[in-house]
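Two versions of one and the same chain are coming, encoded as structure tokens; call them structure 1 and structure 2.
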Structure 1
Amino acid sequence: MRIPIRSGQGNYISAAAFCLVVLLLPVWPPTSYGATDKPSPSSEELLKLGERMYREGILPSGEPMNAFVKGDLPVPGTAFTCASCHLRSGLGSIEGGVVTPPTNGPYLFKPFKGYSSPRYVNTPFLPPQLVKYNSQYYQKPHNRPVYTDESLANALRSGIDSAGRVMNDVMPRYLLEDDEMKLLVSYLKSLSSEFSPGVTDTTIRFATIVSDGVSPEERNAMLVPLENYIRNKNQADVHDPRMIRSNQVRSTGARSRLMAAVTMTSLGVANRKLSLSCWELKGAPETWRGQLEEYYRKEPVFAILGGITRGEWQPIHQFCEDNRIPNIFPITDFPVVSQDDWYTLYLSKGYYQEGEGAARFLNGKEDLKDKRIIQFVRDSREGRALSRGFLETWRGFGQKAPETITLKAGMKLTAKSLQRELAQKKPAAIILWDGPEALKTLEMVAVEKNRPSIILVSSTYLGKSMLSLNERVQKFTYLTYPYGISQTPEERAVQLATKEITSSSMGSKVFSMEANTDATIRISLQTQILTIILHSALLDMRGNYYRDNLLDVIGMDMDQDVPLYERLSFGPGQRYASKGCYIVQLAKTGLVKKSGWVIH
């Protein structure tokens, strides 16, 4: 039988055809109200949600966690994250007499014992031997039973630990639903629960990186101090007092040697040898990622120490970020400047940092306020990095962007064009981001009647040619200088070679050359600074070989007075150790400071 059914176009279709269409329509199973067809998140995704709560204070919904401190003061979890006090590794810290205990699974879910002292309250981590030999300083033990999921949730919500004691009122009391609490507790159980790749019962494996184009002299300047440190550390006698920092064990004589042995052995430092592989990168930078992945597949390492390439560090930086591998102090003038990345710790921001220093210097000049500034930028890696550092910092001060004139590769600034710019625009200051070719420009400016009182250039970009500035040019030329100038390079080299703060310098020689313009001097000093920081960090890790812990302890380290830089200052989450730059002028007596250590 045909039943006439009108279609949307005014035509008729048969009932059989209609039934066929209905049968071909997709069929969904009945669902309850509000149900979703999204698959359940994997265990890895759930851990990432817990990780975000721990590190950023953000709930799975994207909203900030809510908490109270000091009893009834509401605060957003983004301002009081777990990681801000307990650190990313979850292993806690001691700072200013305030102890932040571990919050990772291996410590939370086993009994805990701390010791009170006149200096610290409830000090964790102390080996029993140290307590025994310093009983006059560490008296009363504080025991804490094993946490359960329930008692840990109660501690996070109410601030009552598993022993029934009230925690410090600066510890936030988090307002979390049961499913949110479950995510956070699960993450804490997994946090720093197994040693990171590259660590075995006998060895901690490291690697360094060298790319094509690096000269043999530069390669050796980076590699030799590292190899010396590894060899000397592996051969060092555990009883050698030079292996212990003076501020850790202050006793003397036989007791000092005994305490050194106790500390090294109990913290596991002396039980593992260090190894170092050299990963050599060939070809174009876009091929480096595949090479790095293959090296890492064959030999997982705990961290990458130093390294040196020609050009951008970005491909290596991203490899380390994606694989969560620390990279400590690579030799590069082109680091990745980022507020969010974590796994590469740079000595400085390189050329970018000099641009920052120039912006801060000019911003402090009241006589330049609202005056015209012109920026000449060579279209090169160096010029672009300097200009970016200047512009981003300058705009941060609310200043109007200067006029920028780009100098293409091979393009020379002629006297006629320079004269026209000065006559028409009458700038109060010129920034000249150019290499040795800048010398000719400076000499042309010197004879111009419209010459500004300040021209800023980069000492690093000029290189050795900065020593060729004649007296007439020296009067108005200011240089960004990102190193310390209280000593000559030779004095700094001798200081580092003879400094007995670690075994890293023992038996090694530092180059002694004229002026701070030979790259091998700088590279050698930078690498030896790395060995100083690494040795200190290995002690401070206290046998907890987790990658985030390596970066945590470096971030918590004291400021370092080292050769080459004015100072290295550290802080949790900071990625750039040397944060300043001098503005100087060249004179017969050498470099003359025209600013303080301008901090970025």
Structure 2
Amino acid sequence: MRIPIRSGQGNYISAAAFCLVVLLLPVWPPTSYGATDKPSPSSEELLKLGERMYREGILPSGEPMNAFVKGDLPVPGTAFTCASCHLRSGLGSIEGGVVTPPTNGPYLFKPFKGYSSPRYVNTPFLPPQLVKYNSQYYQKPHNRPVYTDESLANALRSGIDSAGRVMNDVMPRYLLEDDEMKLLVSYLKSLSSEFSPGVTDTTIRFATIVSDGVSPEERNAMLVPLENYIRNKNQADVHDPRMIRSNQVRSTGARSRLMAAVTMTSLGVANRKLSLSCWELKGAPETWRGQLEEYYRKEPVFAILGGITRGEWQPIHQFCEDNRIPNIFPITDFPVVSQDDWYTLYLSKGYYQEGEGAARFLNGKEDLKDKRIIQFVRDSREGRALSRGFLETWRGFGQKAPETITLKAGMKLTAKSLQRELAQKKPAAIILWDGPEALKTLEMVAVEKNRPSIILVSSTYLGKSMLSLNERVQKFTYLTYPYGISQTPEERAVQLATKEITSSSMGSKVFSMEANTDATIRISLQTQILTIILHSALLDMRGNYYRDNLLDVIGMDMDQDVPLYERLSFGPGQRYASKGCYIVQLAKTGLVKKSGWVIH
């Protein structure tokens, strides 16, 4: 049992309650590690216990940590953890006017006098220019001497920093036993304490991955923009602020200016070259793991940029997860869809996301309530991913799975069997997860009198052939379309007429359906997006080359207007940047939206 506390009526009462608790702590020992006669845990296990406290808010005893914020607000169990505010790397965050300083070893066990030194480097948070820019809004970080184990424990328990200052009460006051405190403090000491592999004084090493079977066009569509970015960065005179400013690829206003303003202090990037190797994978996916381990042993890299294979990303995803290597925006329509994995950041959920979009769309259709839906699924990687996205989402709505008919590879749906299905079952909607062959099926459906009013297909699976859907078929064909669509003049007019115009929607958005449906063009756009995000992340890391920090800073990124997608958004732990999928119909004028970008 931990100490049950309800907050009192006011500061004084609950402060008193808190004091009581602090006083009573010594006689309230938890059944924690070390209290039994089990062999004493290894230092690695001890670090794991500290990590669990930091990331999950769970004590070695398995109980949640107890704390107070804002003086007297008890924090319910694991509602949030150190990592929620200080982030996983421990390098801190800025949000809503609150500066959360770093809490990693190298930072805590050094005096902090950040803003007295004019040319400081490696101060991971709030650069001085930003303080000036926004001084009424942000609190200024305070100087303080180096922490000791005791003063650190004191800070965590009572909120008094090593300078004796009472800290902002957004930082919780934790109720921790001495042995628990020791674990946490050891963990903080080890946290982001040495640069990750792949970083030297002169270089940050990256790799990308290409498997055999990828066409030369697709390979180049990824490699060329990536290599260009690396070359330009290495050739740029980064000490020249104008150079960096012109390098600003971001379109959004304020943040870019701020970024430009702080770039000069990011000497870490200025002093290091980037290198890029291409790891070629040969043979069956089951053998990739061995090849990857071998590449990595020979050349440890800081992160994997992009990458392109035929098929599932899973083997590479797992390799990165196990070795704790970030993989930023691999080019794949078959990502691993997971809630908890950390190391791979995808552009989207690929085909799965289109299935998800279809389910959300159909679920919102009142006139389809309790009506029959049939799902035809090509027995292919694409078909399976689409169907899985659909079914998992559909069931999440409490709907029962629709009848599913599998189309074996190579098998054609005949007019006769189609007629039979329609006549017997009279479905109100059909989902047809098939490639370009779907066009023939749609033609056959067009002449059926039992034709349902909606047939859903995947634009990505149809590929370029979607452009040749004829008028007869267009009427009842709905496509999942996970890319951006240009604003119509009417939409633009509405936007201009309302005051709902912001810096990010100043320019009318323009996307090309022809380009978006071309796999090669798409790959080069996706790689461009990768370089945009990478560029700002390298600056935002501010010389703190820890892999978790790379993912943390991207997680704190602003939403982005980019080519190809309607919008990319980020957030701590979010791993699929583009979250939307339109449902569209084709008409003479082009694509007609039948849904919003994100459907709930």
Ligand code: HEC
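Remember, it's a predicted structure, so these values are computed and weren't measured experimentally. Residue numbering: sequential along structure 1, first residue numbered 1. C-alpha atoms forming the largest set that superposes within 1.5 Å between two forms make up the rigid core.
- In this pair, structure 2 matches the form predicted in complex with heme C (HEC), whereas the other structure does not.
- After superposition on the rigid core, the Cα of residue 58 moves by 2 Å or more between structure 1 and structure 2.
- Residue 179 is among the residues whose C-alpha shifts by 2 Å or more between structure 1 and structure 2 once the rigid core is aligned.
- Remark: with the core as the superposition reference, the CA shift of residue 224 between structure 1 and structure 2 stays below 2 Å.
- Note on residue 155: its Cα is shifted 2.6 Å between structure 1 and structure 2, core used for superposition.
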